[in-house]
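Take a look at this one chain, the form predicted on its own, written out in C-alpha cells.
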Amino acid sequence: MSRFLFVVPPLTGHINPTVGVGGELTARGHDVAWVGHPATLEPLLPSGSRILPALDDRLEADIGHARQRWLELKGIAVLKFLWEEFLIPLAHAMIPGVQDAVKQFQPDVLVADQQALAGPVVAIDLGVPWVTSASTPAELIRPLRTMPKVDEWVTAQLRELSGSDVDIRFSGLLVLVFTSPLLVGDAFPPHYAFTGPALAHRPENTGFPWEWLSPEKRKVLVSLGTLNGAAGHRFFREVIEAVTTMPDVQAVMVAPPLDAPHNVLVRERVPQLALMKHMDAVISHGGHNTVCEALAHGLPLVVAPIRDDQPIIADQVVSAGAGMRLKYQRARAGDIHAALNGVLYDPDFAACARRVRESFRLGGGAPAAADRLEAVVA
C-alpha cells in the first residue's frame, strides 16, 4: 500500500480528473488525500475523502475576484494576468498548506495539477517524488514557442517561484494527460501517459427533472463552465434565440436564471456526467473537462472559446472533425443555429466524435493512470 497526495487548484475542471484516479487508487487499497481549498473539494469528492487545507475561504475569494477581472482583459494582458495575478499568487498562497500536508500525510508520491505550482515547489524542497496531472493538454504543445520573448518571460516566472531551472509544469517521472494522441499528437516521450478522461468514482448530488427530457427531441447541453457562466449573458441569449427556432430540439442550459422558451431548461447546476448519456450534442466554451466528457460519450460539439487554453481545445475538436468552432464575442443566433444544425444532423460529426471516444477508451482511463502511478513507487 502506498500514499498518494493530490495537489489541486480551486477549479472544478482541474479537480475532476483526480477524483477518478484517486477513487481507483483507493479501490486498490492505497491511501489517498487531496490538498487544496476544502469548500471547493468537498462537493466534488466522494464522502469520507481525506482533505487537507491549503487555501482558506478568504484567499480563495480574493483569487476568484481577481479572475473576474481577468474575463475583461484581451490579448497579451490575459497571459500576464494569468501568471502575475493567478498562478504565482495561488502558488505562494498554497505553499504553507502543501508543506503541512506533506509533513502530515507523508506521501510516497505527490500528484500536482499543472496549475497548482505549489505542489512541485514543495515536493522538490522536501525531496518527495512528484508527477504532473495535466488537466488540460494546452501546455504540452508549447503554445508560446512562436513567441520566444513571451515564453522566456513565463520561464522566468517559474524560475523565480521554484528557485531552480526545473520546468515545474512537467514532471520528469510521469505526466498524466487526460486526453488522447488523436487530439494532441503523439510526439511525446514515454513518461507522458495519455489515459483519456478519468470519469469514474465521481459523486453526483445534483438533482435534475429527468421527466423534462423528451425521447422525441434532439437534446443539447449548453455550458460555459463554472467560471464563465455568470459572464455569458449575451451568449446565452443568442443560444436561446437560436434554439427557439428549432422546435425539435431541447436545450439544457447551465446558466444563471434567464427567461427561456418551453424547449430550454435553465439550471444553475446540473449532474453533467449523467446528463451526457441523454444528449445529442454540446455547446461549450472549450473547457477541457466538458469537451472530454462530451467526446467520451461520442457527442459532437459547437465550441465558442473565450480565452486561456480554450482556443487550443476548440481547434483540437475541429481538427478531429468532431465539432464546429464559433467566435464567442461575435456569435449571433444565426451562427449558433447553423452550427448546431450541422453537428446535430450531419452524421460525420457524430462519427468523428465516436472515433475520439474510442481513442479515449484505448487510453484506459483511471485504471491506466493508477497503473502508471503505482509504477512510480514500485
Partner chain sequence: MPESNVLDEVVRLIVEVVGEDVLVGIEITPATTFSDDLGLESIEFVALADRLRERYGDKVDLVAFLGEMDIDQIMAMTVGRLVDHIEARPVVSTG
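Residue numbers count along the first chain shown, from 1. Just so it is clear, the structure is predicted and the values come from calculations on it, not from any experiment.
In what follows, reference is made to the form predicted in complex with its partner chain, a form of this protein that is not presented.
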Would you classify P311 as touching its partner chain in the predicted bound form, given a 4.5 Å non-hydrogen atom cut-off? yes
Taking any heavy atom pair closer than or equal to 4.5 Å as contact, tell me whether K327 reaches its partner chain in the predicted bound form. yes
With the partner left out here, check for me: in the predicted bound form, does some heavy atom of I124 sit within 4.5 Å of its partner chain? no
So in the predicted bound form, does V249 come within 4.5 Å of its partner chain, heavy atom to heavy atom? no
Can you say which of 292 to 300, 250 to 258, 78 to 86, 114 to 122 gets within 4.5 Å of its partner chain in the predicted bound form, counting heavy atoms only? 78 to 86
Its partner chain isn't shown here, but in the predicted bound form which of H262, K149, K103, K277 has a heavy atom within 4.5 Å of it? K149
Just to confirm, with a 4.5 Å cut-off on non-hydrogen atoms, which of D348, D315, D62, D31 contacts its partner chain in the predicted bound form? D315
